[in-house]
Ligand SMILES: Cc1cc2nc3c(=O)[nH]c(=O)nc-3n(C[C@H](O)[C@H](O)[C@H](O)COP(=O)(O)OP(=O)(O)OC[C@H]3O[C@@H](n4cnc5c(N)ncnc54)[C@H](O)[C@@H]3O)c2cc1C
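Next comes just one chain, in structure tokens: the form predicted alone.
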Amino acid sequence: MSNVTSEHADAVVVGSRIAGAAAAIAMARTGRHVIALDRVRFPSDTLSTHLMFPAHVAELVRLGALERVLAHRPPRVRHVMLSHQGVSASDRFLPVEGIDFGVCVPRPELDHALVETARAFGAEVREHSSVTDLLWDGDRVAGVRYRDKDSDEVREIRAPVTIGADGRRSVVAQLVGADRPYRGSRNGRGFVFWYMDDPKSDDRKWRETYVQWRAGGTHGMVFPTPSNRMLVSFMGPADRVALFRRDTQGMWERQLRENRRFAARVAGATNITRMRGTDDMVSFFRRSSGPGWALAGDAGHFKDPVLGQGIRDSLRHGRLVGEAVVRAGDDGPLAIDEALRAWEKERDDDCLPAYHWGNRETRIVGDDPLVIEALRTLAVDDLSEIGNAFSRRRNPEHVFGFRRSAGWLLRALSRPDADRGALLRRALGELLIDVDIRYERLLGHFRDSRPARSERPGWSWPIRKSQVALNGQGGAGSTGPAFVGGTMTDGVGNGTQDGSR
């Protein structure tokens, strides 16, 4: 291909959303010549919960991006509330590196803020650019070949390191032979959501609180967003997503009937967007580093978005992979490879606890006496650590550990209407999962492919592309939500999520 334009850079990043932008920022602000590519133009939407807790916001501070994000004036959320069967527990977030609030900013605004921060630090972000192949030097990745979709010109970028941050259906992962995960877990929940005007926009309590109401196996959630709006979502059985596609209005009304406290929160909401959602959210770990390459964000690891942890991990480990490249960059290719492998191990150690927690939460249990007793205890417990779990100040198995779980079980067993056999079987299953998680951490095996008890079998690969289904039009004055599905777009590869959560 003699007519191909070729250039050199210190690093090329494939995908410029959360993880890709974080990696580009970390490298560019040290003076490295970084080129980041993305197939879309920003601002651009993508399927995501875009929920951020204090630990997420602290990462924005580290990246120098918080000012641009806060320019959209999102509510500063300082509380989280969980509710099940009329029992609620609330917690105020403790500071993480001085940050005591979360924010929920739609992805077009959030991703654009990160892209502009990367540019401000000197990274070249080239939009509408789609990677078609990798360049190789023996068995080492030496850059990328891509197509500029505006000029239809094919170009090459040669670089000592290529970071794939192009989402779950990562083209980089496919081209390096790491597409199929070495471990995974089938999701039990699907995800559907809308934006709408908040009928309680004048109520400071609701505008500063993330809320999850559980009823009948479905989590109904409300997250305040900028401009007096809110993100409203359901995470229930995955097969219900197809029902939402067929009868959005009917399913909306069904959820309101099943969850009257949720219904009271959203009553009177107007200016409702069309609905988006997916039923395919397989959790996984991929081999995420090799000679001259790494996979960041959802390209390397994805956990169930029921916990809202994906953005934090994409920000944090996108930044850390960039910093690892900077530290090793002057010491030659082998030093870079060792640094990338060490980064991958650090990412896995950090993300495994939340991965297992997400696997547990994606199971459809229905009305759960153990959760009810947990909330009863946490509602009056001065040591309530709900916020600590979501902010990753402590591992979930410590927050919801043996001692507390035993107390919740004893209280549930003491209830006159308790199904003691079912409770004991449930508690035994949870105990075995806890033991398995601790055993895994004790062994500390890198890229451990041993099936874990938290994981749900039956996951398939490759993951399916979301199917478009349109059931009408939502908008101002709409009497009920409509649905829009579609291929999820993220980065340069096939459509997907980067930090869906």
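Note that residue numbering begins at 1 and tracks the sequence as displayed. Bear in mind that the values here come from a model prediction, so they are computed numbers and not experimental data.
Although it is not shown, the form predicted in complex with the ligand is what the next lines describe.
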So if I measure heavy atom distances to the ligand in the predicted bound form, which of the stretches 72-80, 405-413, 180-188, 310-318 falls within 4.5 Å? 310-318
Looking in the predicted bound form, any heavy atom of S454 within 4.5 Å of the ligand? no
How about I18 - does it come within 4.5 Å of the ligand in the predicted bound form, if we only consider non-hydrogen atoms? yes
Quick check on V131: any heavy atom within 4.5 Å of the ligand in the predicted bound form? yes
Though only this chain appears here, would L51 touch the ligand in the predicted bound form if you measure heavy atom gaps against 4.5 Å? yes
Out of 101-121, which residues reach within 4.5 Å of the ligand in the predicted bound form, heavy atoms considered? R107
